[in-house]
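As structure tokens, one chain now follows by itself in the form predicted alone.
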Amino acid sequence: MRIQATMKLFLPLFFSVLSLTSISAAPLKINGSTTVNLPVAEAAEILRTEQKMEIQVDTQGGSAGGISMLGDGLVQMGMSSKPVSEDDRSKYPKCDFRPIHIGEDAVALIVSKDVWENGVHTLNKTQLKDIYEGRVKNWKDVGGERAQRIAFFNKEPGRGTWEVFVHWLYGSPKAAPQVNFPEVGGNEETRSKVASTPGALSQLSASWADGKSVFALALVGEDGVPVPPESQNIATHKYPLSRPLFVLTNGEPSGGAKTMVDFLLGERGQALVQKHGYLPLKALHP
């Protein structure tokens, strides 16, 4: 009788502890932008070590993938290098998207070393439209010193990098024409393709333009002044393809997501943002 009474008291406590352990052991799932992934993945490593958190970070589908997987409830956090649009919010009405700004980046138009050495260091919006719409196919027609075929690699539609680029070029991603170029996905793939292809051009996170294998072009504004994607120009938005970097949650961050957000916004997290070539928040408000 005494054993049965003890078991009656013990079992509810046991299952209660088991339930709490299962909840706390649930992994924090994060997906999205390859650009935002760099500081987030390193922050995840630190939190795994220091706080014994289980965190899964993936970049399937880029920014669009992060938004859709958060909207579908498949992850607790998204990563995005573009703002959440009204279309996104309409598509996932049950998701209360909360973008948390962690830093600033820019989209660069990068070229291979041979194009840079051919004298192409700047482009303007008209020239880029002509290239994107197929009217210009040779670098000599846009300032190259010699004839050379343009090999354009287009970022996959839905990628934050692509959306920032076409929004600047056409005012809206919906206004961008259908084009038939080879497509590239993440930053590593893009840089590798451009570096290894003669005459190459693509869109890429500015922090990935190393000035050795791929080179970032300056963009010429209506005043005729070339503006390179350098830190000061990005911070002041003088460079037209500056963009914020976000992590996204469904509603106010809580649990593991809040731990990650607090870390990224703290001193150590912001140091990681800067380490990977992006501007920390304090650099935007000197």
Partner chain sequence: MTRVLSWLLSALAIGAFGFLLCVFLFQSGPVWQSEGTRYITGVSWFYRQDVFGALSLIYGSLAVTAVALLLAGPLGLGAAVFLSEYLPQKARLALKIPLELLAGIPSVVFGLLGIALLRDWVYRTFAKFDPLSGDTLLTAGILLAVMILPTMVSLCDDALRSVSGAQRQAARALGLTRAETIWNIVLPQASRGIASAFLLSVGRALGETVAVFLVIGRQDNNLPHPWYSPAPLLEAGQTLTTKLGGAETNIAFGDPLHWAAIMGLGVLLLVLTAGATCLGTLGRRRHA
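In this text the structure is predicted, and so the values were computed from the model without any measurement. Residue numbers count along the first chain shown, from 1.
Omitted here: the form predicted in complex with the partner chain. The next part is about that form.
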| field | Segment assignment from 209-217, 187-195, 117-125, 93-101: heavy atom within 4.5 Å of the partner chain in the predicted complex | value | 187-195
| request: Indicate whether the partner chain has at least one heavy atom within 4.5 Å of a heavy atom of Pro244 in the predicted complex. | output: no
| said: Under a 4.5 Å heavy atom criterion, is Val179 part of the interface with the partner chain in the predicted complex? | reply: yes
| field | 4.5 Å heavy atom contact, Lys140 to the partner chain in the predicted complex | value | no
| message | Contact with the partner chain in the predicted complex for Gly71, defined as at least one heavy atom pair within 4.5 Å: yes or no? | response | no
| query | What is the one choice in Leu109, Leu169, Val84, Ile150 with a heavy atom within 4.5 Å of the partner chain in the predicted complex? | reply | Ile150
